[in-house]
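What follows is one chain in structure tokens, specifically the form predicted on its own.
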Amino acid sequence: MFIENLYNIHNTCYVNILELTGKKVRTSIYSLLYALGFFYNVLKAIGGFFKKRQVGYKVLVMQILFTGFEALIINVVMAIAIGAAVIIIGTGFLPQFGQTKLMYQILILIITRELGPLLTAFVVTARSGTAIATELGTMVVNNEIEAYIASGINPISYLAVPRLIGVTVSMLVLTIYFNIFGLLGSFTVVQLFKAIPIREYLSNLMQVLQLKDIFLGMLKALIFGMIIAVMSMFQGFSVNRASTEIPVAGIKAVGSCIVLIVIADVFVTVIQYVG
């Protein structure tokens, strides 16, 4: 009898786990489809953003200042630290194998193609993604979105579009600064530990650096910026009426952004090397 009851409990738990897993998968798929629909509506509204009188220019400027300007110091410090570490390790390790110039290829790969846009996206997600989701969620709870609609103002055009443009432009600019300070700023720091002739460094760097390296880095920055903006706004607008949902929206925004950024990075990288 005991064994039979234990067996029934085991089967019940197994069925419940399957039901919860299936429900979670369905919810994730529905959320993704809603997010794609939201992204489509935002893209449609971009065309008329600069043509209308009632546009969110102030929102756009404030978003660029917060996302791009205020995150610049963090981005520069990371770029210099990573670039300096690569140069120091490369100059100390690679000459043992007669592969000194390989350091410059590794530097371009890490700074320009991979870690530059990826780390910048993580910083923007942690700062701006959370802020956007929290701000929009608060507006929903305070009935400000309904007030916009009642006043004849489209929340997509006034709130979503300028944030999408602001975050994407900031991502591109921050990635450019990451490349500059990661490749050149780190060289200045390295001189404190091991002197390298500037002419030799720049000559070897320019021999390795190609336009496609810069293009791929900018492409990733563009994609990551759009992912951060869309998913953060989507989670913010998804808040219902409870103020307790606001921090949850911020957490969901960060989690979904990181997952989609990693997937997009792998996808672009695979296409890059397979193509």
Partner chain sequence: MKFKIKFADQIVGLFIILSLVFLGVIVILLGVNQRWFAKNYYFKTVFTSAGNIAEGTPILMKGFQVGKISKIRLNETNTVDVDFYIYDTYYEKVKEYSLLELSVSPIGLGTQLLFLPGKGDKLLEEGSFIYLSDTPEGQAYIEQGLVDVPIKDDTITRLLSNINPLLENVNKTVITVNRTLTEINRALAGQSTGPLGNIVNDIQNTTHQFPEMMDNVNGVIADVQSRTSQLIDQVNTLVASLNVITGNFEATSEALRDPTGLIPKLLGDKNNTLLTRINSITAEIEKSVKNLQYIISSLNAEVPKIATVLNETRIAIQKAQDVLEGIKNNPLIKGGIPERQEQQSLYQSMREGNIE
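Numbering follows the first chain given and starts at 1. It should be emphasised that the depicted structure is a prediction, and the values quoted were computed from it without experimental measurement.
Beyond the structure shown, there is the form predicted together with its partner chain, which is absent from this document and is the topic of what follows.
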Mind telling me which stretch in 227-235, 30-38, 64-72, 242-250 gets its heavy atoms within 4.5 Å of its partner chain in the predicted bound form?
64-72
The one residue among 110, 84, 118, 169 placing a heavy atom within 4.5 Å of its partner chain in the predicted bound form is 169
May I ask you to choose, among 88, 123, 176, 106, the residue with a heavy atom within 4.5 Å of its partner chain in the predicted bound form?
176
Heavy atoms within 4.5 Å of its partner chain in the predicted bound form: does residue 196 have any?
no
Find out whether any non-hydrogen atom of residue 223 is located within 4.5 angstroms of its partner chain in the predicted bound form, and reply yes or no.
no
Using a 4.5 angstroms cut-off on non-hydrogen atoms, would residue 57 count as touching its partner chain in the predicted bound form?
yes
Spell out, yes or no, whether the shortest heavy atom distance between residue 180 and its partner chain in the predicted bound form is within 4.5 Å.
yes
